[in-house]
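Presented as structure tokens, the chain that follows is alone, the form predicted alone.
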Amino acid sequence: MAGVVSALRANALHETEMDAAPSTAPAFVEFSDVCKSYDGETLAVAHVDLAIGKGEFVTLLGPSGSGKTTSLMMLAGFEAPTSGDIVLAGRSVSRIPPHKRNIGMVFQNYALFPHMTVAENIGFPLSVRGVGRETVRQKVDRALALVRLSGLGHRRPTELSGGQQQRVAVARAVVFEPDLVLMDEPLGALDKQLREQLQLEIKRIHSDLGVTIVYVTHDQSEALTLSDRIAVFNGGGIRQIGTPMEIYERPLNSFVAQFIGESNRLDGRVISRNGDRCRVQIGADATIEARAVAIGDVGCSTSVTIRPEHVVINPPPGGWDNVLTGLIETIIYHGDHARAQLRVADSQVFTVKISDPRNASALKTGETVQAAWRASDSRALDPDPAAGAAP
């Protein structure tokens, strides 16, 4: 996660506050006001609008019960929308059965046939489509090479590691050249190191094939690593969609700010506003300046978010819009960085990420320090993370 965040931060310095202009190309996949209810009352998916371009890698990210998997199942054809429409390659598929959608699917549990060899598993989608034996063999060999399993086609799935089995599942999903590949938490059963390796493999395969991929995960780091764009779900709807950098650096509400990565949150009250900046009272007597992203009128409550890596402890004087006095409670060494947890502004918790952990050696628990950052690195948002939920 640390490497991903560093890359996002470096690239973000070259971006403006505005999101990238939307593409004018026709959508390859499109959800239009899609709703799903299982009981006729509660919406598991609430008014989802989503357009995905051909060849894009889009991740549906969110906590359990947020609507991301149900949305994927509707796109796959395993669930039907209660209302709204889903379009794939220019035609409505809302009432078309799964086997007629030309979609490849990768599941968390691999879903391989244990009685078949690896080659037979990969070739199965071709066989059921009536493809000739020699063509099947050629396509299976190419798919094995794509996922770097050449020479293992004769084995059974039980003779492979978990990571190898998932590569077989990916090969099976792409061997028949589908219009779209859907992946539902495909790496969730793997350990951290193997999961990170396969993330890079999936990214390479996407680049090699240029196929459109819709990917579901609750893992933020995975979404940031893989995606062209991320749709953040909560409460059945999309709370924000954008590139990984936009989602991380420019959250539009408190839910996204708190769910993606790590973020400090300081609760306060708006005391003035000047254009796109506002001043917020934090605690009894501290005030800070922030970007006014999603706030009410002067006097309204707000929450200000600041990423820990944007804060400096005991900086040289000058050039800082915000300086808070804090008491160090803990200092934790993480190898490539250190984290200091402070209490600021009436005992609100505040974390500072120290990129060079050697600089943390001079800090002591119980010490009073100054925490400083620029107003452009903080965002004043709705005060309640639940405000990002669907109505």
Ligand SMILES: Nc1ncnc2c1ncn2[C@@H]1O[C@H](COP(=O)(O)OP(=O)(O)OP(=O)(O)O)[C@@H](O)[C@H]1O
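Numbers for residues come from their place in the sequence shown, where the first is 1. Just so it is clear, the model here is predicted, and its values are computed rather than measured.
Absent from the display: the form predicted together with the named molecule. The rest refers to it.
> Please tell me which of Glu289, Glu196, Asp228, Glu185 lies within 4.5 Å of the named molecule in the model of the complex, judged by heavy atoms.
That would be Glu185.
> Report whether the minimum heavy atom distance between His218 and the named molecule in the model of the complex is within 4.5 Å.
Contact check for His218: yes, within 4.5 Å of the named molecule in the model of the complex.
> Would you please decide whether Tyr333 lies within 4.5 angstroms of the named molecule in the model of the complex, comparing each non-hydrogen atom pair?
No, Tyr333 stays farther than 4.5 Å from the named molecule in the model of the complex.
> Is there a heavy atom of Gly67 no more than 4.5 Å from a heavy atom of the named molecule in the model of the complex?
Yes, Gly67 sits close enough to the named molecule in the model of the complex that at least one of its heavy atoms falls within 4.5 Å.
> Flag Ala44 as yes or no: does it have a non-hydrogen atom within 4.5 angstroms of any non-hydrogen atom of the named molecule in the model of the complex?
Result yes; Ala44 sits at the interface with the named molecule in the model of the complex.
> Counting only non-hydrogen atoms, choose the one of 358 to 366, 57 to 65, 322 to 330, 26 to 34 that falls within 4.5 Å of the named molecule in the model of the complex.
Heavy-atom contact with the partner occurs in 57 to 65.
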